[in-house]
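Encoded as structure tokens, the following chain is the form predicted on its own, with no partner shown.
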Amino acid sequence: MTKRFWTGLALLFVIPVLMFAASCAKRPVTSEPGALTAAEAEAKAAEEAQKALEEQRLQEERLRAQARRQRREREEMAERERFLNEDIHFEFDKSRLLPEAKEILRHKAKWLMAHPDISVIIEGHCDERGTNEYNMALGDRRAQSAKSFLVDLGIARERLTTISYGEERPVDPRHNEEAWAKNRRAHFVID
């Protein structure tokens, strides 16, 4: 009886101790499916921040490129307008190019070199003095003079066409020296 008693008593104490020890044992932490650890969450946040910065940088670069393109287009339009609206002028009854006219033609040649696909019509104009026949011939000589100068600067002859309007298309219809000086010109039109 004593042996049985002591065994029963021992079991009475050992079983609760074992149960207590088992309940206090550390269990491995299991995360829910899809849940991130703190390190993973931090890494993911850093990755998303990097992606956002990269996207912002790309957007800014796109905006800068668009601004550059728009600036180039505005500059190109301004140069085209200058080409079309800047006439060269001549002295009375002359087709000789003045120094100012040569400078304007140099700018036009530079623009034409940058735009090899563009052809131009050079219009020769005169003031109202003189006969129609004489002014048509003088307008032709003025247009030819401008064409020759541009060809000498390297513009292909095939890209340049001339026409004379004589006194038919005055830019200033008045009948005075100021108007006549404006009408003695060569005008340039993109073909």
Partner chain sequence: MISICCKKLKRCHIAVLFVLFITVELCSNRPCQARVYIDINAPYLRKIPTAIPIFKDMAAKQKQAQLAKMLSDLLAETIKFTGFFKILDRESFLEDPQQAGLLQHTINFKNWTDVGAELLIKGGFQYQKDVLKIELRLFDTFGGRLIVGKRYTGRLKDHRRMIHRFCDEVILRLTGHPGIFNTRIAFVSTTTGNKEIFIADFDGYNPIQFTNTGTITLFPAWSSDGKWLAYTDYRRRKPELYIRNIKEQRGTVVALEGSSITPAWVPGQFALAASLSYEGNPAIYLLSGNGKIMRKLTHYWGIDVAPTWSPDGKAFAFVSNRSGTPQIFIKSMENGEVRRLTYEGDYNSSPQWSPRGNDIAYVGLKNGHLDIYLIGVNGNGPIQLTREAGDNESPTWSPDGSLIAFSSTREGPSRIYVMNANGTNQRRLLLLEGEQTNPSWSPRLSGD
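As the structure is a computational prediction, the values presented were derived from the model and not from experiment. Positions refer to the first chain, counted from 1.
Not pictured, yet referred to below: the form predicted together with the partner chain.
- Taken together, the three residues 131, 136 and 140 all come within 4.5 Å of the partner chain in the predicted bound form, as judged by their closest heavy atom.
- Taking the partner from the other structure, the partner chain in the predicted bound form has no heavy atom within 4.5 Å of any heavy atom of residue 172.
- Looking at residue 86, you'd find every heavy atom of it more than 4.5 angstroms from the partner chain in the predicted bound form.
- When the partner chain is considered in the predicted bound form, residue 100 lies well away from it, no heavy atom lying within 4.5 Å.
- Taking the partner from elsewhere, residue 163 is found to have a heavy atom lying within 4.5 Å of the partner chain in the predicted bound form.
- Proximity to the partner chain in the predicted bound form, taken as heavy atoms within 4.5 Å, picks out 155-163 from the listed stretches 155-163, 39-47, 52-60, 65-73.
- Contacts with the partner chain in the predicted bound form, taken as any heavy atom within 4.5 Å, map within 73-94 to 92, 93.
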